[in-house]
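Next up is one chain by itself, shown in structure tokens, the form predicted alone.
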């Protein structure tokens, strides 16, 4: 078979022309019909009992069709910890929590009616710092925590505000500290941040006259949305259809179900109508997931030669008012709590804690940015106290093939050291460039945080002319997934990529995919597509062997025709094979060629509830970031002169898309390093718009060099592994390390705003 080489080439994105020309269909382009518009009434207190909701004036407002409150919604919602109502019932737990929803013939009428809803609260004491929330005398935010349904790998503590306590114990931490020559203890803080995707949350719902519910959603996880809605509204899954489309960015905020459920009871009241809700920017920032704040304490023992002997890590996470995703983030951070380093003795306690702040949830990195900030900053302190080069400390302790993670899982297919060396060479490590200039390096590791039953599946239909349709349930959020998956299918089928069409998710037609999260799609969905292609190709050979009366072992396929390697005149076109072909006698052979493939992780195990030991990782992806900065001592302004990012991608299916991911993730990490921080005042988000919440723009993006390291992943499709989240993880500590190098001043938090840096300079003086 003449092999077609597609994997490893930078083919044009499948969605490039559509998006450049504006013809790409996003959610609001996908539905048509009579429509009602929904708006929410939001709470004006962060913690309080709802004494009364008067909706009569709103119901009487012109254009209003319905007004609903929490009592109109049957069940709670949640993926891991079912703790949240679509509309608050009896009690609100964060400022801006929805307490009522209005449907009207226009958005204007709905917005006006919302203002007419009168809500009386009996305000309760709030708690806004998770450390305070853990105290015995703190106000209890979820009195019914003990009765909530929960996945049994999480451990809430009823009667407290602790939604999950993850424990990890590896080796003998006291013995490790006794072996150390130096013991370092530091505290670190990471603030909340927002995802700020270009497209806000939106959904539209139609209750059909046949009782079928159709949901158009900006969901990263259409199948999970269907599962959650089925359970929350007691609807059979075959009666729910979730349609996704192109999404204008997700970064975790569109995982799970969010706005969809708000409008389902409204749609049920008006069968045939489409009920739509679109969040504005303020609603999107205040009312959806924020990245959880993290207060951490690290204690590290190290020998004089730079070898780390012990690590004790306490993490207290601000889960916000509802923590159904948060409980898993603290777990993932816990079992990865040594970062990219092989440390023999570890004690970790990771707590997810309720507060009256906005809902904490997944953001690109899923806890790794926050957790590894402390580790990478403490590596610098180790190097300083021992007078060893920080790069050398990372080289001494960095994981390599055969190393064990904090959870005791053995890693393979690793070249972390090459990532470190690559970025160090790029930024000219070891060369001092000026008085207020500095250089910094930070490492990273990330594995998908997913359950062992997180499945992927694919269907490939071979058309009569040799073209193919690939059907998957993964979501395209701008990451280039459709292109990468098409390349895998192309190579496996030996069919040119321009002859492959790929479909966006529609749960009525596309097969199951757990979620488009965790940098897992290239690996998991890619594997299922490769298997589906191999299944289809096997059918082609079997049918051709029967048709041509030739041993299957003698046949080959060039993408157009199957022919005998012994006699090229014995051949059949793909049209003849795919078109329910028959022998010359008229005897039928086979039906249409439909390849099926699936993937479920087989190398993962449960973790011991007392020690956290086990195999939680599907695969491990390593990388590093290098930064060079210049600081203005008069203003505190940090100018990043260059950034270098290296990620071990296993095999770059599409090198250009890989580099684009490295650029995008690095810029997002830089944005958090210098600008992004959600500001709260007793639960009220103060900077819930782009005027007050700053992000990186093209004006302040430095030169970035991206490097793809390729250590093939043994079980990945063609050696590939996912890299979507990883480029962001090490940027903030790399920049901070560079600033510390420039000023000889330590920072335990970010963003490194001019005010913080200037004050630190003044304090040093």
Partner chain sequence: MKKQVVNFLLNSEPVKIDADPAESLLNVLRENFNLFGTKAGCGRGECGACTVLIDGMPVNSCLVPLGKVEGCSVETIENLSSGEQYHPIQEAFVEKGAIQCGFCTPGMVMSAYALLKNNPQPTSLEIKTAISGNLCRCSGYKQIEEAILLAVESLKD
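Residue numbers count along the first chain shown, from 1. All values derive from a computational prediction rather than experimental measurement.
Just so it is clear, the following notes concern the form predicted in complex with its partner chain, a form of the same protein that is not shown.
Asks: Does residue 695 reach its partner chain in the predicted bound form if we count a contact as any heavy atom within 4.5 Å?
Replies: Contact check for residue 695: yes, within 4.5 Å of its partner chain in the predicted bound form.
Asks: So in the predicted bound form, does any heavy atom of residue 194 sit within 4.5 Å of its partner chain?
Replies: Within the cut-off, so yes.
Asks: Should residue 199 be classed as touching its partner chain in the predicted bound form when contacts are defined as heavy atoms within 4.5 Å?
Replies: Contact with its partner chain, yes.
Asks: I'd like to check something about residue 260: if you look in the predicted bound form, is any of its heavy atoms closer than or equal to 4.5 Å to a heavy atom of its partner chain?
Replies: It does not: once its partner chain is placed as it appears in the predicted bound form, residue 260 has no heavy atom within 4.5 Å of it.
Asks: Determine which one of 205-213, 227-235, 249-257, 568-576 lies within 4.5 Å of its partner chain in the predicted bound form, judging by heavy atom distances; exactly one does.
Replies: Single hit among the candidates: 249-257.
Asks: On the criterion of a non-hydrogen atom at 4.5 angstroms or closer, are 309, 384 and 740 all touching its partner chain in the predicted bound form?
Replies: Result no, not one residue of the spot touches its partner chain.
Asks: State the residue from 527, 642, 660, 288 whose non-hydrogen atoms include one within 4.5 Å of its partner chain in the predicted bound form.
Replies: Selected option: 660.
Asks: Quick one: of 426, 494, 450, 671, which gets a non-hydrogen atom within 4.5 angstroms of its partner chain in the predicted bound form?
Replies: In short, 671.
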